[in-house]
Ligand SMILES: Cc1cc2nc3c(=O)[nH]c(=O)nc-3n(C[C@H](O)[C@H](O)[C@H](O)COP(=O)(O)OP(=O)(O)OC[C@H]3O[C@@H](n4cnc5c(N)ncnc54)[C@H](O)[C@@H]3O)c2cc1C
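Next up is one chain by itself, shown in structure tokens, the form predicted alone.
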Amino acid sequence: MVNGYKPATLDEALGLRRDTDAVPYAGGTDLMVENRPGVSYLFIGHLPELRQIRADESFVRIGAAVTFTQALESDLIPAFMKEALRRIAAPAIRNAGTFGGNIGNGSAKADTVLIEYVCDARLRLVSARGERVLPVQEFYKGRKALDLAEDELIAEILLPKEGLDNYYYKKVGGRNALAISRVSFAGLVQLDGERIRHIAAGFGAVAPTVLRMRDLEERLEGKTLAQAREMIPEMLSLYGERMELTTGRVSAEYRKSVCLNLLGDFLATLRTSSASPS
């Protein structure tokens, strides 16, 4: 068995993806800690088509092999995403870890994926057969379960260019450095004056996938900021009734308590200007 492939072009990589069972990777930060004897690998981290950050009329398009450090240094990446990137592990991991790998790992603890859920990001998937674009929420079917065909690669993450300025982000871990999230929360609001036009709230690291309850968000849309604050007890009760959280290093009860505290703080601090709490 061939241990690995390093294609010269994306087209060659897609052919290998079609014709072999090689596991694609770019940064390899998760593969480094796995022991998978007999597995062959497909290295795609060097392909120029996957290493670009560019913008069109509607989206910031982040290549799957873009590293977290590269994104932090780019003027195109929104501040909301950079809030999460700065808290990913240590500089050495940020230098190697990639957006595609963070998504393809299939973990609800992935820091960039939480932001993508809340921003209603889309993914562009490519294969030798063609390509398709789908919402990130549809890509995740469950823990480690992805809507990715055996011959497909993640090519780009599409973040909306507009409406990401008024955000909230918190990551709760066991320690500040090298922290894997025990609970993470991201919120986003778009306003027409004092009235909520759109609101999103997502919870990471507490369920098989990022947790977002669109129907509950809709209860706040159309309300003024003052009305939304009056609804905080009701919203916390509704979210609390619906949350079925996993147990890991900490209990599900602890995670629910933290989730509701963060949601309550987000709703209590809704404002017309941006800037995430530190």
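All values derive from a computational prediction rather than experimental measurement. Residue indices: 1-based, along the sequence shown.
Omitted here: the form predicted in complex with the ligand. The next part is about that form.
Trainee: Is every one of Thr29, Thr98 and Ala110 within 4.5 Å of the ligand in the predicted bound form, counting heavy atoms?
Mentor: All of them do, each having a heavy atom within 4.5 Å of the partner.
Trainee: Would Ala201 show up as a contact with the ligand in the predicted bound form if we use heavy atoms at 4.5 Å?
Mentor: Residue-level check for Ala201: no, no contact with the ligand.
Trainee: Asn105: heavy atom within 4.5 Å of the ligand in the predicted bound form?
Mentor: Output for Asn105 is yes: heavy atoms within 4.5 Å of the ligand.
Trainee: Heavy atom to heavy atom, is Leu72 within 4.5 Å of the ligand in the predicted bound form?
Mentor: No, Leu72 is distant from the partner.
Trainee: Contact with the ligand in the predicted bound form for Val206, defined as at least one heavy atom pair within 4.5 Å: yes or no?
Mentor: Result no; Val206 lies far from the ligand in the predicted bound form.
Trainee: Which among 64-72, 51-59, 207-215, 234-242 is in contact with the ligand in the predicted bound form, heavy atoms within 4.5 angstroms?
Mentor: The contacting stretch here is 64-72.
Trainee: Among Leu159, Ile154, Val189, Val118, which has any heavy atom within 4.5 Å of the ligand in the predicted bound form?
Mentor: Of Leu159, Ile154, Val189, Val118, the residue with a heavy atom within 4.5 Å of the ligand in the predicted bound form is Ile154.
Trainee: Within 4.5 Å, heavy atoms only, which of Leu164, Ile196, Val183, Leu148 is in contact with the ligand in the predicted bound form?
Mentor: Contact residue from the list: Leu148.
Trainee: Any residue of 76-90 with a heavy atom within 4.5 Å of the ligand in the predicted bound form counts; write them all down in order.
Mentor: The stretch touches the partner through Arg87, Ile88, Ala89.
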